[in-house]
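To begin, one chain is listed below as structure tokens, in the form predicted on its own.
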């Protein structure tokens, strides 16, 4: 399912002295099956854009095409039921939204709410819990008796139980240690590969953009500043600095190597690319020595 923004503008508190433009003339397409990262400094419009992806916000003007359904300023809530099942949102600290008395009931809530029978919802919940790595022995526990990492997996399972075509992730690894962050990101990658779900990731972790996304969208002051592959977006150091964006860790290492005299004709973003660029320079250095 594609999601397309056509000349989308969004104004907070319109027709008041506090009116603020959140999005300005956004034209953008998220292609079915893609993995897209949305990046930009705080206040750039990332969260406002994200909330249009399943019509939590509706455009002040323009429209968002979500599959075959057009969402405009006049679209009514009753028209959005099926759409909101198709686009699942995982917000920061999703475990704060757990509420049922057992893990299984919490994950089964969404499919029941969207019309599945008790038996169907339970089967979907169990399948989804296995997908995110939650063992059967934890199904009857209270969610808040689990570890922080397990709680987050249960909350993610609750979104996946809606069986969405698109999964929107808003800083999904916030508050996790490095190992926990890696495990959660690998989980999303596996879901993306095995189930073909479109992933739209809002993040400040540039290493995750490089490792997982096939396209990056840079937001700035409510507008789209750049769209391209991670290699294209991270190629211009001066442009990144002007937009207050960090380089991924490999790029920061390249900057230090440049200060020591190493030359790079491109910005290597992975360890393998960096080694490929360094090897001939190191060989020449050893020969001269």
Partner chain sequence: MNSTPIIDVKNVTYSYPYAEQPALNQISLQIMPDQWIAIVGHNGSGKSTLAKTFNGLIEPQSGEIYFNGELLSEETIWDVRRQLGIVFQNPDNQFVGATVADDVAFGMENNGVPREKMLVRVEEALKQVRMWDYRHQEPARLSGGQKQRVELAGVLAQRPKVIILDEATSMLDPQGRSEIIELMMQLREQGDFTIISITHDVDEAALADQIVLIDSGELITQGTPSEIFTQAERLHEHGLIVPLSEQVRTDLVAAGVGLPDKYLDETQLVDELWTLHSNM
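Bear in mind that the values here come from a model prediction, so they are computed numbers and not experimental data. Positions refer to the first chain, counted from 1. We call the rigid core the largest set of C-alpha positions that still match within 1.5 Å between the two forms.
Another form exists, predicted together with the partner chain; not displayed. Remarks below refer to it.
This chain lacks the partner; the member of 250, 34, 69, 60 within 4.5 angstroms of the partner chain in the predicted bound form by a non-hydrogen atom is 250. This chain appears without its partner; in the predicted bound form, the one residue of 135, 140, 214, 177 with a heavy atom within 4.5 Å of the partner chain is 177. Contact annotation for the candidate site: 41, 257 and 260 all lie close to the partner chain in the predicted bound form (heavy atom within 4.5 Å).
The stretch in contact with the partner chain in the predicted bound form, judged by heavy atoms within 4.5 Å, is 169 to 177, chosen from 215 to 223, 169 to 177, 189 to 197, 124 to 132. Taking the partner from elsewhere, residue 20 is found to have every heavy atom lying beyond 4.5 Å of the partner chain in the predicted bound form. Under a 4.5 angstroms non-hydrogen atom cutoff, the partner chain in the predicted bound form has residue 279 among its neighbouring residues. In the predicted bound form, no heavy atom of residue 116 sits within 4.5 Å of the partner chain. Taking the partner from the other structure, the partner chain in the predicted bound form has no heavy atom within 4.5 Å of any heavy atom of residue 7. Residue 272 shows a C-alpha shift of 2 Å or greater between the shown form and the other one [criterion: core-superposed Cα displacement of 2 Å].
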